[in-house]
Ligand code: ADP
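This document opens with one chain alone, in structure tokens, the form predicted alone.
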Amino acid sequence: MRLHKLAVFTVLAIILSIGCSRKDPAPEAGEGPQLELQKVQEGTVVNHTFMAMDTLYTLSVGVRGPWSPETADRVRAAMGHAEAAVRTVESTMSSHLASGDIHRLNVGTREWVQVEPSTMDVLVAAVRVGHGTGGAFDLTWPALRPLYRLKNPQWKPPTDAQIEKALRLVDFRAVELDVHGRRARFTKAGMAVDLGGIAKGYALDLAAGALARDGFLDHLVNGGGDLRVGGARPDRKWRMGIRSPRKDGIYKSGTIKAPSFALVTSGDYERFRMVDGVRYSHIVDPRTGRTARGAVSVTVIGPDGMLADALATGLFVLGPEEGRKALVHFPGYEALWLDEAETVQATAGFFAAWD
């Protein structure tokens, strides 16, 4: 399980959206979100950047035709709605904010906790991915978190006894959901959940939906390198790249055929520690409590950011052989695995998804 994507620039997927070459020297002024304009052939690409969920978000929309004050107002309103959608996910689903559903669930005493409809949607999806991956993705991983404080200079790999004790509180099947009543609880005392491995993908979906509802069907939402894409820029399709996990530069770049899609990567190269020549990353197999070694990076393409986000973690843990079997439960999603030598294994449709 990802431990986890809640730090600036500690992106498990360094998926780089490649912008155009010329930018206005200063952001467009006005009330609301500040806009950065990129003049391109046949229109403008407009960007708005902000911090939320401990991640740098960049919202981009393509505007065709001439730029005007009226257009600027429309874009600002849309950007504001999209940013608000992300911040709502943060306030509702963060395990650290006392006002949020997840915090209230975690500090409860096995009693039912009422949650927002959006939180229930994400909890249901997280449990679904847990079942579909055989527990390789598990939202109840927080019991393992104290064992992998990799930023601590005194950190040492956990002992078998420590892992065994923590694993007693890791089991997504112990999360009981009353979908119709919008309630959740644990069947075992002392457990906790964290949605950091799926809620950010959900936030991508909500932000993209907000932009589309405001009339901007040509958009790209970049949440720390994870992408939710719709339409195209005025001058060309949105272009993205997959980082090379063990070498400098980009492993693959290009455009995707689908008019709307999500692209998410998990990798072990952003947060890790070397101990006695062994790499320990923040991606932990919740079934064993040990650093996952199924791959070096996994990239998932699919229609939904929420599922792509969770699957990127689960498929990293599983590796390509078991990962392909798990994807049978998630039609429409394709994956690519890279190992230490950057040997490629991919599902049949992964490369076919690219132009």
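Numbers for residues come from their place in the sequence shown, where the first is 1. Just so we're clear, the structure is a prediction, and the values are computed from it rather than from any experiment.
Another form, the form predicted together with the ligand, is not on view; read the next lines as being about it.
Of the residues W141, Y148, F216, W238, just one reaches the ligand in the predicted bound form with a heavy atom at 4.5 Å or closer; this is W141. Exactly one listed residue, out of A262, L211, A136, M191, brings a non-hydrogen atom to within 4.5 Å of the ligand in the predicted bound form: A136. In the predicted bound form, the ligand sits beyond 4.5 Å of every heavy atom of V300. Taking non-hydrogen atoms only, R228 never approaches the ligand to within 4.5 angstroms in the predicted bound form.
Taking non-hydrogen atoms only, P286 approaches the ligand to within 4.5 angstroms in the predicted bound form. At a distance threshold of 4.5 angstroms between non-hydrogen atoms, H282 is in contact with the ligand in the predicted bound form. Only one segment in the set 35-43, 309-317, 64-72, 325-333 has residues whose heavy atoms sit within 4.5 Å of the ligand in the predicted bound form; it is 309-317.
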